[in-house]
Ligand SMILES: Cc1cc2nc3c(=O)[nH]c(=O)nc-3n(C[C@H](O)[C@H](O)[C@H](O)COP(=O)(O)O)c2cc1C
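Encoded as structure tokens, the following chain is the form predicted on its own, with no partner shown.
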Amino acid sequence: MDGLTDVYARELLTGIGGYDLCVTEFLRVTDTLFPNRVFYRRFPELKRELKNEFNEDKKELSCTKSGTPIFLQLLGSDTIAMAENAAKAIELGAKGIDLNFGCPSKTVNKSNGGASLLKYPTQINQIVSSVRHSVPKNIPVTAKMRLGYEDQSLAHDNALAIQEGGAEWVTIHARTKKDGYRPPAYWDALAPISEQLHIPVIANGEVWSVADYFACKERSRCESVMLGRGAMVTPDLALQIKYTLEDKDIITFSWQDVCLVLDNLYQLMINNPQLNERYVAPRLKLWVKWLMPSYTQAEEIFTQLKRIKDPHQAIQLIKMSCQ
């Protein structure tokens, strides 16, 4: 989710717990092999200085501070450039490559990227195969797709193209590009694909609660689920799911707990010497807006918060709402 699941969200959400893996925002590839600085900007966890004092080996790059592995997501249609950039990312320490065939953005799709490729299973297969051959065999190459572009008629063909290209697994967002993010997600449509492929199929879309997680698994017949927007709305959702699976008591996050997460976000950003301070308040506002469906306090402060530009004033307002 471009602009949301950045380095800060990855660190905070995996620090709460419940995640086995996370994926970066997409790095958009055209026909260029990017220099190191581009990878580091999109994927700061590749830089050694972000690791804590206990992680000195290079093999511990490409993880959040809590130890959750991170894959770099690439988006593009140039087979050679995608392969070259994938290989470069692995040289820098990335643990895996995820390929984006699902982004519904008009800007991305008019440039033959993201979900627009779902019209061309053969091209998808060529991209996956090229990337698979460009990186060592022990490095996972995975892909994310939607059920289709205009309709679901090519869903199985696209998933099969990804499998035959050599991907370790495929994540399927259970809507077409045309559907966008309008409910519902068509979890049932994943079941026949999951049954016919021999690689794992991971379900995604409209998982906002623990109940949604189990309903999604049952209807999609997928063993695993990827969280997206639901993780922003309910920051402890993955932990709730994990505790339910382990038959542990669940104590859901209070607004005070969420305020601590937001304060940690503020601290991470304000103490980053490479980040302009003017980006901090908008980032806080964005997350508070996402929290509104789950927390009435977020809705109560958002009208006032959205007028604030100073990050210090913004975090003070958030803290005051917890008193």
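Counting begins at 1, following the sequence as shown. The model shown is predicted, which means the values in this text are computed figures rather than measured ones.
Just so it is clear, the following notes concern the form predicted together with the named molecule, a form of the same protein that is not shown.
Trainee: Since the chain is shown here on its own, which stretch among 121-129, 170-178, 107-115, 189-197 would lie within 4.5 Å of the named molecule in the predicted complex, judged by heavy atoms?
Mentor: It is the stretch 170-178.
Trainee: Please identify the residue among R229, K95, K88, H156 with any heavy atom within 4.5 Å of the named molecule in the predicted complex.
Mentor: Flagged contact: R229.
Trainee: Go through S220, T142, N204, T234 and name the one with a heavy atom inside 4.5 Å of the named molecule in the predicted complex.
Mentor: The residue in contact is N204.
Trainee: Give a yes or no for F26: in the predicted complex, does one of its heavy atoms lie within 4.5 Å of a heavy atom belonging to the named molecule?
Mentor: Because a heavy atom of F26 falls inside 4.5 Å of the named molecule in the predicted complex, the answer is yes.
Trainee: I'd like to know whether V7 contacts the named molecule in the predicted complex, with contact meaning heavy atoms within 4.5 angstroms.
Mentor: So V7 does not count as contacting the named molecule.
Trainee: Is any part of 63-85 within 4.5 angstroms of the named molecule in the predicted complex by a non-hydrogen atom, and which residues would that be?
Mentor: Read in sequence order, the lone residue that approaches the named molecule (within 4.5 Å, in the predicted complex) is Q73.
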